[in-house]
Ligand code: AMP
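Shown below, as structure tokens, is a lone chain in the form predicted on its own; questions about how it binds or moves come after it.
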């Protein structure tokens, strides 16, 4: 069969749609297949991230933060108002409007770049062929010179805790409550659990988060995690560590959750809504024919090499369905790199400099290694940290919680990791990613002039502190 396309992408999330656009920009005839259906029952591009993940959750976080600030912190600025109320329906409608605008924008980009968008489920067959099952049930087979698999991920379900879409929900359900639950339970103190817990806590819910691991934010730097735990406790998030959930039963309008605590004792909590946020797994079910030639690892992820090639010739895989952090921006960069390699150009993604962000209040962000990871690996390090409490801009914003911490090699001074908690650190981390990509030293960061007054001065002072010469505090 003669190839109909140069590239077929299966999946239109942040990895897939970006790969499709870049391939088309490079002059490759490209099609992108996706089966996601939006709230309106129509096909929607953008995958989990734009439809039911990153974008809608940030919209709700922003709305809930504005409401919380009006209730609690505006008075510090001399601003007073009557008793505020939250119209949850309006908040959710605003979220849906943002989602529709962005997903529609991808459709416009596809048209502008001449990417053919195909609504339906794609399945990889042998010989670089793709079976497409459209939403009306019709089936056709397409072929391409190269196939890019970008099927994304799906929430992990706990046995005995089936999602019912109302009382026991995944991240999708937690985005669409029509009222604020009086008691909100969350299983999993990861990014999704903390962000959704924060949204509904700010709006008045009593929030209990059950985490199976003994350490809070174990992948984060210990100093940053300690500050985060303290701040979330102040906010009223009840985070219980070392708790293993074994059952949940809906009784009327309540969910009775059984678990064993850190001491191994059986416990029960009763909530009105329960969010299961224990992670996500690669979405490969139904993606591969038996003879497709693509291998999976024991975790169900598609096996790829350092350039995202699979075990089948001219078949590539990117994003959440392969190894590495399940982050939209990582998937997008892999999509660009693979499209450029297909076009005969150089393409590469450095997995060691992928930034992480948790959009709570305060925000948490990091890139690179933690101090503990370095020490466990026998890498000698020096560290420097600086608090936002000593930053003039943070004081003016009334957001002085948190700090910036830099981990540098003790001998070469090369920056190995940067870890932050505080206001707008989701934006500040970008400077540190750039520095690490260029293999900068803490001395390099220390010698860069940072505007005053800005939050970025905390990065500058933390870099100075590595050499024990921070200006605005006693070293």
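Here the structure is a predicted model, which means the values were calculated and not measured. Residue numbers count along the first chain shown, from 1.
The form predicted in complex with ligand AMP exists for this protein as well; it is not shown, and the discussion that follows is about that form.
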item: Heavy atom within 4.5 Å of ligand AMP in the model of the complex - residue from 210, 364, 147, 115; value: 210
item: One residue of 173, 368, 188, 387 in contact with ligand AMP, assessed in the model of the complex (non-hydrogen atom, 4.5 angstroms); value: 188
item: Output flag, 158, 244 and 278 jointly within 4.5 Å of ligand AMP in the model of the complex, heavy atom basis; value: yes
item: Partner-facing stretch of 91-99, 393-401, 106-114, 244-252, counted where any non-hydrogen atom is within 4.5 angstroms of ligand AMP in the model of the complex; value: 244-252
